[in-house]
Ligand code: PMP
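Here we start with a single chain on its own, the form predicted alone, put down as structure tokens.
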Amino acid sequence: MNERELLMIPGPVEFDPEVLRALGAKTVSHVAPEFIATFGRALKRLREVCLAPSAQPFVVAGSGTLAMEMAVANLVEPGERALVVNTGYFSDRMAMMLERYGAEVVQVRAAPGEAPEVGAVEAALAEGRFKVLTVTHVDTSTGVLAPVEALVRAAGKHGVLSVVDGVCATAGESFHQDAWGADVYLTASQKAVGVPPGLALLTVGPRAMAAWRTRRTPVRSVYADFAEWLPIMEAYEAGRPSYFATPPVNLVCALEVSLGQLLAEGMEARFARHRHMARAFRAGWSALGLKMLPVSASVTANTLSAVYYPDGVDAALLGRVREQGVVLAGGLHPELKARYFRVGHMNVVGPGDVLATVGAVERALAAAGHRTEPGAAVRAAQAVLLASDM
């Protein structure tokens, strides 16, 4: 096994050295003036990354699951109806959370590898009385990219709040929160946002904040309650100290650095880079004769690949790839988990990482007895990388 392994799972991902230096710096007080300024910049930058100038950002210690729960806990009251656009494992988790908070949940489902038709969601919305619509932008279990723009616009047309789970998409897949009318965009730090695990991130639009303010019942979770966190976010952004629970100081410092890097690259350029790297990976998989779990290009994510094992090959392939110095992930969707593997290609992933990963998979497949033209996958990926239509 190589001492220097390339981490190509769908989160945590590889991180920029400057971000890691911020994480490893001496910890300062959470009310020190320099930290208050850093936190304030991070909040402002999160708005810019999500293209949500009108939104209220929240940065809280926790995982992406906490970000999901914060959206549910604050927007849904017992007896209200929620429409879940289900594309996989994390849509199931969202439905479970909604039910736990007392919502009446209706789901529009698709088979694994597919996304529900927008028309089917429109038809469900037309029945009326929904408080929220939820959709997973990219489901990490299947690599399916949902048609979020059309879905959030449909929700808005019907007066329904839209909650978009962007954990495996934010800062990697095109998303324009204000322009599209998405009410909540939630994510986590450890994927395309480019920070080690530990931060739950949300940008909450004006309609969602108004819905929270007019709740009839208290939020059931103290830690997830916007009422506890909003004064903290407002204070730090205004340059004042405040306290509810101790923030993860070094993670926030790392976030401020990473968000600055994202904005320096430019969001449209960053979205385009992720599309370009994804096309190169898909060319490599095709050259190896591998089939992807998403059923069409229109529903295939740019932040990860979910790829079926070829006939005669099983999950032992992952160990062979790791021997080549690259770490991949196994399947996650309960119906298919033994049949496919996943490759994350987010954040700092560049051409060298693409070629190293495709080459490692090609060598591991050859060792497993899967025969293809030697070097074909790397050549196919390289041909895409050399193209200038990024």
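As the structure is a prediction and not an experimental result, all values here were calculated from the model. Residues carry their position along the shown sequence, with the first being 1.
A second form of this protein, the form predicted together with this ligand, is not displayed here; the remarks below concern that form.
Residues placing heavy atoms within 4.5 Å of this ligand in the predicted bound form fall in a single listed stretch, namely 187-195, out of 187-195, 282-290, 201-209, 228-236. Residue contact with this ligand in the predicted bound form: V138 places a heavy atom within 4.5 Å of it. In the predicted bound form, this ligand lies farther than 4.5 Å from every heavy atom of W180. Among residues of the shown chain, R100 is not one whose heavy atoms approach this ligand to within 4.5 Å in the predicted bound form. Of the heavy atoms in V354, none are within 4.5 Å of this ligand in the predicted bound form. Residue in contact with this ligand in the predicted bound form (any heavy atom within 4.5 Å), chosen from M277, V307, A146, V167: V167. Of the residues V349, V321, A42, M68, just one reaches this ligand in the predicted bound form with a heavy atom at 4.5 Å or closer; this is M68. Of all the residues from 77-97, those having a non-hydrogen atom no more than 4.5 Å from this ligand in the predicted bound form are F90, R93.
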